[in-house]
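The chain below stands alone and is given as structure tokens, in the form predicted on its own.
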Amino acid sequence: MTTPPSLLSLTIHSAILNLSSISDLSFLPDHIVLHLFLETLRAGKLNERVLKLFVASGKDEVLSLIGAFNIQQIVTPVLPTIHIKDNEVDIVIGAFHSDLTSFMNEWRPVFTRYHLIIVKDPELKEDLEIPDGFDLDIYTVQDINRIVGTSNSIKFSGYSCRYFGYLVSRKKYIISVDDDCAPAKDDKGMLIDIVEQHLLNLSTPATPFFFNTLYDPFRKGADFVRGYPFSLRSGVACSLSCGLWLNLADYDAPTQALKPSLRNTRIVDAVLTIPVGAMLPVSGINIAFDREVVGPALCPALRLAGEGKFRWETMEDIWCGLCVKVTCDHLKLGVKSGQPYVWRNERGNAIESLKKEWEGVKLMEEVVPFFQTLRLPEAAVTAEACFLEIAKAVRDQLGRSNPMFSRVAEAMVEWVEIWKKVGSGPLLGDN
């Protein structure tokens, strides 16, 4: 015969269902509050507000359990704690086409609030055509040679010209977008403001040490799921935000050649933190980062022998992303991926590009295991120090079997020297 529930258990059950309407527990006997706390834990109903309710009761046994279970109150609110001002942001654009009129006008609703750095590809011969109405600085090959000088290892041509923009910026945050991208629209037909979303990603904490199955708990309408350790809910600073693409997604040449009609038409309205230890292929097409914290780790070190002019013919951003991820993991910083989206226009021939990218496809099979197992010394406490340690490991481990990696390591060391010389203070030759 089943024993009927006691009056106390029914009362506790009812209280758990109505915790949202209870404002004070201090008047209840200690054993009742303790029982209620334990049953609340078992039911998975302990959230930030309920925890504060139990703490405010002042019951010693409950407070002792909270300490024993290492349950910590969240000190970081769901809304951003960092307010990023417009004058703290540079938008960096690598100019690979001479006529930027259409590109700039499409982005005008987003770009006009911010300062722009446009770096002209040194191999582009025609003068740039840019409409009026923007706050911008334009850098050409003459500026590159004047400010950086001649480098045997670092080349700022092609997609690598954007890194010169990272170098000469003096703002804390950088948004980087390709000139073959247009603003995307969400499912309601509204323009997606990539700057606003990137800055939201950077200004709210990342959660790399424990995966939240509702993705970014700091986005509006989300929170931490049941079972997420309270001791990890404050998160860590986010230093890199990786956006995505509609229409022509950032596939590699083999995939695009096999599926020439494949297009990305679906927006997934989500942002997630990449877990610590997990690598990812960062694409420079649509990213944002904290320049002051991880800027020195973004370097165009890896150049393929047959590198071309289309994104799937290059690997410099993939290598750069692996270096940044290892750096962020070591420094306990976060990397996010997801929103915002841009619309990528059609470019290039995947079959022709496949001939040039194949070297990079093969390299990834060797490079990824290297980065997955790489551990940096505790003495490396800055991005510069981390990057130099990565360069040393590249030279000692990868360079033994492939001389290309020795050149990559040399370029990484030279980049840090250039960053220290040029990356802060007045630019060389400025009045």
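Predicted, not measured: the structure shown is a model, and the values here were computed from it. Numbers for residues come from their place in the sequence shown, where the first is 1. Only the largest set of C-alpha atoms that superpose within 1.5 Å between the two forms is called the rigid core.
One more form of this protein should be noted, the form predicted in complex with another copy of the chain, which is absent from this view; the next part is about it.
A.B. asks: Closest heavy atom of residue 134 to another copy of the chain in the predicted complex, within 4.5 Å or not?
C.D. replies: Looking in the predicted complex, residue contacts with another copy of the chain do not include residue 134, since no heavy atom lies within 4.5 Å.
A.B. asks: Using a 4.5 Å heavy atom cut-off, state whether residue 213 contacts another copy of the chain in the predicted complex.
C.D. replies: It does: once another copy of the chain is placed as it appears in the predicted complex, residue 213 has a heavy atom within 4.5 Å of it.
A.B. asks: Considering only heavy atoms, tell me if residue 278 and another copy of the chain come within 4.5 Å of each other in the predicted complex.
C.D. replies: Although another copy of the chain is absent here, residue 278 would touch it in the predicted complex, with heavy atoms inside 4.5 Å.
A.B. asks: Using 4.5 Å between non-hydrogen atoms, is residue 250 touching another copy of the chain in the predicted complex?
C.D. replies: It does: once another copy of the chain is placed as it appears in the predicted complex, residue 250 has a heavy atom within 4.5 Å of it.
A.B. asks: Pick from 402, 47, 397, 372: which has a non-hydrogen atom within 4.5 Å of another copy of the chain in the predicted complex?
C.D. replies: So the residue touching another copy of the chain in the predicted complex, by this definition, is 372.
A.B. asks: Report the residue, out of 56, 38, 380, 28, that has at least one non-hydrogen atom within 4.5 angstroms of another copy of the chain in the predicted complex.
C.D. replies: Looking at the other structure, the residue within range turns out to be 38.
A.B. asks: Since the chain is shown here on its own, which stretch among 402-410, 60-68, 380-388, 47-55 would lie within 4.5 Å of another copy of the chain in the predicted complex, judged by heavy atoms?
C.D. replies: The contacting stretch here is 60-68.
A.B. asks: For the stretch 244-276, which residues lie within 4.5 Å of another copy of the chain in the predicted complex by non-hydrogen atom distance?
C.D. replies: The stretch 244-276, when checked against another copy of the chain in the predicted complex, contributes 244, 245, 249, 250, 251, 252, 254, 255, 257, 258, 259, 260, 262, 263, 264, 266, 268, 269, 270, 272, 274, 275 at the 4.5 Å heavy-atom cut-off.
A.B. asks: Would you say residue 35 moves its Cα by 2 Å or more between the shown form and the other one, aligning on the core?
C.D. replies: Yes; residue 35 is a residue whose C-alpha shifts (by 2 Å or more) between the shown form and the other one when the cores are overlaid.
A.B. asks: Using the core for the fit, does the CA position of residue 393 change by 2 Å or more between the shown form and the other one?
C.D. replies: No; residue 393 is a residue whose C-alpha shifts by less than 2 Å between the shown form and the other one when the cores are overlaid.
A.B. asks: Taking the rigid core as the frame, does residue 418 move its C-alpha by 2 Å or more between the shown form and the other one?
C.D. replies: Not so; residue 418 is displaced by less than 2 Å.
A.B. asks: What direction does the residue 336-residue 46 Cα distance move in the predicted complex compared with the shown chain, closer or farther, given a change of 3 Å or more?
C.D. replies: Between the C-alphas of residue 46 and residue 336, the gap widens in the predicted complex (3 Å or more compared with this form).
A.B. asks: Closer or farther: the CA pair residue 230/residue 42 in the predicted complex, versus this form, with a change of 3 Å or more?
C.D. replies: Farther, not closer.
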